[in-house]
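Just one chain is shown here, as structure tokens, and it is the form predicted alone.
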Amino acid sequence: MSLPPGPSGPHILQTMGWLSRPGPYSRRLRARYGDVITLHVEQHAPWVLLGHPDHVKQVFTGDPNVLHAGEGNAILKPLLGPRSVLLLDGKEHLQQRKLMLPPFHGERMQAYGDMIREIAREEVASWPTGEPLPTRLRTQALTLEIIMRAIFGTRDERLRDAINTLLEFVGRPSSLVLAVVGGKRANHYVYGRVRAEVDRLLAELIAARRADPELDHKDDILSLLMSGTDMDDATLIDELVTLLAAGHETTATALAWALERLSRHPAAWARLREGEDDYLDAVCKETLRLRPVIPAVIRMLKAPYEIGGYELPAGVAVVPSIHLVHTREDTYPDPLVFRPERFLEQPAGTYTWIPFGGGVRRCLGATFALFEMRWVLRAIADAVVDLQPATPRSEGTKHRSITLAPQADGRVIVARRTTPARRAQPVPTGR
């Protein structure tokens, strides 16, 4: 057994290269070492970074008893809790995933459309004109309102404040460093303290909902999970935190990237405003191709595994790189250029467009996330006439926990708006 080639520098330099600029760093590694690269990012297991769709397909269709995604997501355990579907493997994961899927598909999901449009219109009406607007802060407030309404069917200011405090803590660079290099005890102590208030308020909400005689007639996600499954309270709380963290921060970041890209491509913005649904979908997909919200997915090997001509030992992490797959010249000509039309010419491939991962571990909320992106971008395009960049140069990326956000929060200038202005609500920043 042997590991593929990769950089030989100190562990800390490889870690900082990955954490600081995962896109350019991984592209440099590919140029030197090819599509299968050994990288030392976390202390306990070497990573084997994969950049070829054939290798991605092999991982996504491989035996989940050998390729443990839950164990690969262990860095999220202090935040999400041990019962989160993202942390489970094997039969336990499949059973929990089956319970979690129904609220995100079919007619139930479609019913959220009017709610999303209403919230988006109210938010966009508060945007100022003629000055730099940090879109990530605004889309974060917007998507939190959407996910709160979708999950709980209500507005709870105490819970909103507690969630913001939690997510703002997680978004700090120091929190990411703690998650990567901190010990298990330190992580659970720090994250546990920050999560305590969220857990307490969720427990109160669950108790009140269990006592509600109308529970079986409510259509919010919490009620559907409570009436349709036998989850205990601790599991419900971990899954709710998972939905809030994954369904809020990621979509907010994707929307901010979309606006940052569109502000620099006036022809794309003009075509989006024409109202063509296929082009709207293409804009969403091109944004997630060029600016994926997470850089990679991880599977921990529980047995020896052959891939890319290498026989890897158990204990290694195989890591399909979303960014490397999305920037292949043979799949996407001029891969670093924002061009939504490419998805009108060629549909997104199962193993060449992977912003939500794939296989039995594909993101539970992927369909809802794209649905939400389309509705929000349509509301913005209907309300905003001119969208301009706030700075001459494209924004780089910064880490917010495991997500990759615009360096300057996706600043754009709304030059003209068709909707009447309303007073902006303060952006929740946590306490």
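Predicted model, so just to flag it, every value in this text is computed and none were measured. Residue numbers run from 1 along the displayed sequence.
Keep in mind that the form predicted in complex with a small molecule is not shown, yet the notes after this line are about it.
Chemist: Considering 294, 224, 75, 125, which brings a non-hydrogen atom within 4.5 Å of the small molecule in the predicted complex?
Modeler: By the 4.5 Å criterion, the partner-contacting residue is 294.
Chemist: Since exactly one of 83, 273, 93, 218 fits, which has a heavy atom within 4.5 Å of the small molecule in the predicted complex?
Modeler: Here the answer is residue option 93.
Chemist: Would you please decide whether residue 160 lies within 4.5 angstroms of the small molecule in the predicted complex, comparing each non-hydrogen atom pair?
Modeler: It does not: once the small molecule is placed as it appears in the predicted complex, residue 160 has no heavy atom within 4.5 Å of it.
Chemist: Is residue 305 close to the small molecule in the predicted complex, meaning a heavy atom pair under 4.5 Å apart or at it?
Modeler: Because no heavy atom of residue 305 falls inside 4.5 Å of the small molecule in the predicted complex, the answer is no.
Chemist: Under a 4.5 Å heavy atom criterion, is residue 378 part of the interface with the small molecule in the predicted complex?
Modeler: Outside the cut-off, so no.
Chemist: May I ask you to state whether residue 362 is within 4.5 Å of the small molecule in the predicted complex, using heavy atom distances?
Modeler: Yes, residue 362 is a contact residue.
Chemist: Could you tell me if all three of 104, 288 and 322 have a heavy atom no more than 4.5 Å from the small molecule in the predicted complex?
Modeler: Every residue of the spot touches the small molecule in the predicted complex.
Chemist: Out of 273-281, 309-317, 294-302, 228-236, where are the residues with a heavy atom within 4.5 Å of the small molecule in the predicted complex?
Modeler: Heavy-atom contact with the partner occurs in 294-302.
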